[in-house]
Each structure stands twice: as C-alpha cells, then as structure tokens.
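There is one chain below, alone, in structure tokens, taken in the form predicted alone.
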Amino acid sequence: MAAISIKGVCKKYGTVSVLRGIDLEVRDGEFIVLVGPSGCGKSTLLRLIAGLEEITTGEIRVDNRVINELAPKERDLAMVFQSYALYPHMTVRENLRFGLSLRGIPRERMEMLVQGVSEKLGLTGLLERKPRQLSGGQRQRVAMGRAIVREPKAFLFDEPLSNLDARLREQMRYEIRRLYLELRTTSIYVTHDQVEAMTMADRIVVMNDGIAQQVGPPQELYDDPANLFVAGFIGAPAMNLLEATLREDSGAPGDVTVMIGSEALAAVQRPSSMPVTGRVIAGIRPERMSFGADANGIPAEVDLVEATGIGMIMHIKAGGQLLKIYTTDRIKFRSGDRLAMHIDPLDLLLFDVDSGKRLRPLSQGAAHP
C-alpha cells in the first residue's frame, strides 16, 4: 500500500490547459473517486499518476518518492482500463500471469498468486477460456485480476464499468468495493457516474474544467456542497436550483425571505456575504420537499409525474419556475392538479449568482469551504 501526494499538478496540450493546479493527498489504503463530466480532466490526472502522460508542472509522490520522471513499469502501480485490454490469443490463466512472467516471478509463486486471485474473483472455472468466450463482466474480472495479482502499491481504475449494462454495473460496484475492503490497497477510481462515486468512495474529488471543485466524504458533498457545480452534479434526481431574490423582512423568523417570483419560499438567516443585488440561486433537494392539497404552503401546479418503481418524481411549476419533488408515496396527482409545497428553511441552500460559491448563514461565517 502507499500514500499518494499530488501537488500543484498542471497539464497543458499546447496552449490548452487540461489540469490547472491539482492538490490532493491520498491516504495509505484509501479509496478515492475522481468524478466529473467528460473533459473535466479526471482521466488525464489518472494517466499522469500512472506515467502514461507527462506532467507539465507540479509533483507526484508515492510513499514520499517523486515519480515524475519514472517510467510506468517503475512506479509499481496497476491500472484497470475501460476497454479490458486483454490479450485475445491467451487464456485467462495466461493473461493473469503474463505480467508476472515479465517480472521474472518464479513459476511456483506465479501459479500460487494466479490461483489465489482466481478464487477471490470467481474465475477458477474460466482459467482455460479465451477472452472471446467470456461475458463483459467476466472480462472485467480478468482485467481486475491481472492488476491484483501484481500486488502493486496502488490500483488505478479508469472508468472500468462504463461498458457494462446497468445491472452488471451494480454487481461489479459491489464486487470492487468488497475486494477493496478485503485488500485495503490504495485505490484511485475515475468515473463520470456520480452514483458509482457515492456508493464506492471513502472520499470523492469532484472535478470540472481541470479544477478540483470539492474533496470530501460522499455524504458531506451531498449535504454540504461548496458551490453550484457540486450541488448540481451530486445527487439523483439532481438538486433544484432556482433563480431567487432575498427580501429584507424584519417580521420574518429569519433575517431575510427567499423569493421565487412573487412567492415567498422560506425565511432564512442572512448570508454572511449579502449580495448587493439581492439575487441568488436557491437550492433544495427533491426529497427534502413535501406537499399536500391543503391551502397552506407555496402554491404550485403539477406539470408531469414520473413513476420510478420505488417512488415518484413530480415535476411542478411554482413562482414561474420548474422544479422536482421526489417521494416514495403512491400519489395520485396528475398534470394540471394544484397543490401546496412545503420547505424546511434549514434544507434551503443559497449560492452566489456570479461566482457560484455557497453563501453561508451569518452564524457560520465566511471561513467555511
């Protein structure tokens, strides 16, 4: 196992900056997930760690050893690719032991390692098959086994499940996490799927435009996003982000009232950095909202109802804007029905319109991330 330290890492292709000053400390034995949309730089960062790309500026250390100039084979890091990258003319057994034979591992030791990994991954009955005779999930297990059998300092996963169907992705998420808990090898995992990130990571690095937007445990990023991008990216269904204004109202329980159009959304404590224009983005999770057919609350109209099996997503119109409510109740609302929407002020998050940064309540101060 190994700790990985990334300091001030930048990557440019000509005049195009792909990574812009990444700082990250990966603890020994930690499972880190890099998540973000296509083109955010997450796979590039993984390839820099693996040595498949050259760093423009910055430094990467593994166990306090600078590896910037080391060839990939000298870094003792194992990478699992999206495309499996198995040798089609070799059997599963031969694929698993190929890297070991190049390193000069004695045959007896090599067979012991292959057998042990095969048992862990359920590949024992497949060792004499070739890749074309395997399913997508079995091929990914072989690719993982080829990495595990090397007993590297760290594993690097580059979107390994993106070629699998939804049910198989769910199964493989479980298997990778179970293996990690057994091996406790330092792992860095790249994905564009925030569900994978939330279910697998010890800590998540949310990336966008070559910058690490926020780093933290999954629940922290979900409950306490630092900016608009993180708030909108983490969560399914996505957070409601509404154009709003803050109105001074000394008669309200809070210092200011959040307005969407002419409707009062909630009374909240004054932000520590009050926007001059009073314009903000108000965010609230779909599952943190409630509703009823009573006259109390914020008047709204049902636009569309989607059944998800375990619940319902209601698209509603309120204050001239569209938003979503998620509920596990078996509701009977239809398009055009009227209802009253209820929001707990403590569930409402405010963001600066221009910078996208989170606006904290005055009691929390501006020092919070």
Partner chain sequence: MKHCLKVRLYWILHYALLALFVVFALFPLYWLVKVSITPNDLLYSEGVRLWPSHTTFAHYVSVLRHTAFPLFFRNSVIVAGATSVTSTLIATAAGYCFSRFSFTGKFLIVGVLMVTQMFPLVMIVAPIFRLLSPLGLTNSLTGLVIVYTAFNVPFATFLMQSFFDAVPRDLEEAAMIDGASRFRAFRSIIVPLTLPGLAATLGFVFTAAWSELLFALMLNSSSDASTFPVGLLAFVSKFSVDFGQMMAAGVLALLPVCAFFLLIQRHLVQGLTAGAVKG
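Model, not experiment: these values are computed from the prediction. Numbering follows the first chain given and starts at 1.
The next section is about a form of this same protein that is not shown, the form predicted in complex with the partner chain.
Among residues of the shown chain, Phe81 is one whose heavy atoms approach the partner chain to within 4.5 Å in the model of the complex. Contact check for Arg146: a non-hydrogen atom falls within 4.5 Å of the partner chain in the model of the complex.
By the criterion of a heavy atom within 4.5 Å, Phe98 is counted among the residues contacting the partner chain in the model of the complex.
For Arg150, a non-hydrogen atom is located within 4.5 Å of the partner chain in the model of the complex, even though that partner is not displayed. Comment: the partner chain is not present in this chain, but in the model of the complex one of Met112, Leu181, Leu102, Ala236 has a heavy atom within 4.5 Å of it, namely Leu102. For the options Leu70, Ala50, Val305, Ala340, the one in contact with the partner chain in the model of the complex, meaning a heavy atom within 4.5 Å, is Ala50. With the partner omitted here, the stretch from 263-271, 81-89, 282-290, 205-213 that lies within 4.5 Å of the partner chain by heavy atoms in the model of the complex is 81-89.
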